[in-house]
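As a starting point, one isolated chain is supplied in structure tokens, in the form predicted on its own.
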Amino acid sequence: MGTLSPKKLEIQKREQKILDAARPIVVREGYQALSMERIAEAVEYSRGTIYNHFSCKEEIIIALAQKGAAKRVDMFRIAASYQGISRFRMLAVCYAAERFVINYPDYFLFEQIFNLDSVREKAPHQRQQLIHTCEIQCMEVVTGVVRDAVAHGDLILPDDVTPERLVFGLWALTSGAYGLTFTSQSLPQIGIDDPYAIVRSHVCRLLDGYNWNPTSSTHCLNEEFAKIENSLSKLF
């Protein structure tokens, strides 16, 4: 890949400065508090300069969400390369999904905002496609682990379940649970003190239901998860 020209480097630098100014506004005050005027004041650019880079504040939100989506892809790829049998590699990917929410809450927030119809419909299609590409790449990483499990005889899927369908179930379980963990203030009041541990438990039960070996009944998966955490925590 060739070196970027000075002009393109300057454009990149200016765009990053705009995103760096927008990020704390959204995190501290919410999406509604963000405006092109506030960003222009923060970076001391004219509003015209801001609009040269981003057509609207929704595009800024999506640019921030895309950075998070790319980070998740990197984390999933690292986790999927964990040295171990397929079930342990899947635990590693689940650990990566968990750490993404914990380590990068700002990115997770921007992702939630991106999913609002009112934001998505105003943003350029090209920006949206970048996020969709990252979602597909994450799906491919996880599906690859499932296919390896099938190839090595660790997992025999029912005739009506494809690797993609199994991964979709995991995606729905974890995404929904992490969304609740991130937004709900009432979890401790109903006895949910460690939601991430509960999600891990449900993931293991789901995989046990498919008889993905080794199952929880034949191996202490909590001990294996501790090994995964020790191995990967420094990489995330």
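The structure presented is a predicted model; accordingly, all values stated were derived computationally and were not measured. The numbering used is simple: start at 1 and walk along the sequence shown.
One more form of this protein should be noted, the form predicted in complex with another copy of the chain, which is absent from this view; the next part is about it.
Novice: Just one stretch in 161-169, 99-107, 68-76, 85-93 has heavy atoms within 4.5 Å of another copy of the chain in the predicted complex, so which one is it?
Specialist: Every other range fails; the passing one is 161-169.
Novice: Does Tyr31 reach another copy of the chain in the predicted complex, with heavy atoms at most 4.5 Å apart?
Specialist: Yes, Tyr31 is a contact residue.
Novice: Report yes if any heavy atom of Lys122 sits within 4.5 Å of a heavy atom of another copy of the chain in the predicted complex; otherwise report no.
Specialist: Taking the distances in the predicted complex, the answer for Lys122 is yes, it comes within 4.5 Å of another copy of the chain.
Novice: Residue-level contact is defined here as any heavy atom of the residue lying within 4.5 Å of another copy of the chain in the predicted complex; does His152 satisfy this criterion?
Specialist: Contact with another copy of the chain, no.
Novice: Would Arg47 count as touching another copy of the chain in the predicted complex under a 4.5 Å heavy atom rule?
Specialist: No, Arg47 sits far enough from another copy of the chain in the predicted complex that none of its heavy atoms falls within 4.5 Å.
Novice: Hey, which residues along 122-155 are within 4.5 angstroms of another copy of the chain in the predicted complex, non-hydrogen atoms only?
Specialist: Heavy-atom contacts to another copy of the chain in the predicted complex: Lys122, Gln128, His132, Glu135, Ile136, Met139.
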